[in-house]
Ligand SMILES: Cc1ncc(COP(=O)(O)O)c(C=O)c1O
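Given as structure tokens, the chain that follows is alone and in the form predicted alone.
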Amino acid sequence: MLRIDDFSTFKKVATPFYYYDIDLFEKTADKVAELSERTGIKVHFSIKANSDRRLNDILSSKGLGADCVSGDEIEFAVTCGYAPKDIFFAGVGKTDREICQAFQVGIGAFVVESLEEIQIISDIARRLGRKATISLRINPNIDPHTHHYITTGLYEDKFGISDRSFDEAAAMVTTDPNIDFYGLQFHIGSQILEVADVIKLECEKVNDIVSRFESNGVVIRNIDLGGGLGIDYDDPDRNPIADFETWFMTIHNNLKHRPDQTVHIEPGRSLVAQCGSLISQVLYVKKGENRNFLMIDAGMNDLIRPALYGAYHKIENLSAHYDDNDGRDNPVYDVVGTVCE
């Protein structure tokens, strides 16, 4: 249940709006910063998970970097205080304009997902008289045991470079005079709850792939394991902070790396989701033939997970809790919003 100091004031705010528990967010960020310091694993917040300026100001102040998937996100990250050298530009669809934006900002690395993208970035770097720092996103063909819509590391997915292209990709980034090879990046999916087993498997696969590249004379300076740590949507109050300890320590104990290699991760929802709530107002109850509809003033444009892939999202009646001390009956409704989906 949301902890609200003055519910009468809270009710005067126009709905719908997002509400963030900043105390919980600070505790979450501090936990991640402490684990990063303890293990030496560098953290880059995935900006697409939340673009609230205040939250990102806090994360950048803790020394985190940023993971971006658009030119506008890169510009936003800089205004939030993220160091350009700690900004990664990922995503399968970078436009020429966005690539030029990234060069202008001076980001840490481009994360490329195909041979075609390597060539495009190289050509732009040549025209600009610059050198592109490039990390190869590798598709490790791992099932993360999550929803198939958010699985990103199987060969049939659109993401990353598969093993049949490893040698050609390595040759391109190590022989092209316009490219400075940065390292390898991996990301297998989101909302991973079987953390120890899945991340251990990822580390074992990464160990093999890094060894394959280095046996062919390609020096790997940076290893990025992406993000994907899941959160408890069923009972968020019981588990308000995601299991970062297991995630960091599983990587620390299973990923083989030398002192001259830096390990990176890119958490997104696990840093912010448990701290935020969408607050909406009930407009009226529509009585249907077989069920009752609770009409609210928010829609899937505000919270897309349930509509997009049938995800469960906990709903609480704040008025019943604060005004009536949870004394109301609990009839069953279909909670529906304003968008025609």
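Just so it is clear, the model here is predicted, and its values are computed rather than measured. Don't overthink the numbering: it's just position in the shown sequence, from 1.
Absent from the display: the form predicted together with this ligand. The rest refers to it.
The candidate stretches are 198-206, 101-109, 261-269, 79-87, and the one lying within 4.5 Å of this ligand in the predicted bound form by heavy atoms is 261-269. The single contact residue among 133, 185, 122, 250, judged by any heavy atom lying within 4.5 Å of this ligand in the predicted bound form, is 185. For the options 48, 27, 42, 305, the one in contact with this ligand in the predicted bound form, meaning a heavy atom within 4.5 Å, is 48. Proximity of residue 190 to this ligand in the predicted bound form: non-hydrogen atoms within 4.5 Å are present. Shown alone here, residue 227 lies within 4.5 Å of this ligand in the predicted bound form, counting heavy atoms only.
In the predicted bound form, this ligand sits beyond 4.5 Å of every heavy atom of residue 94.
Residues of 49-67 that come within 4.5 Å of this ligand in the predicted bound form, judged by any heavy atom, reduce to 67 alone.
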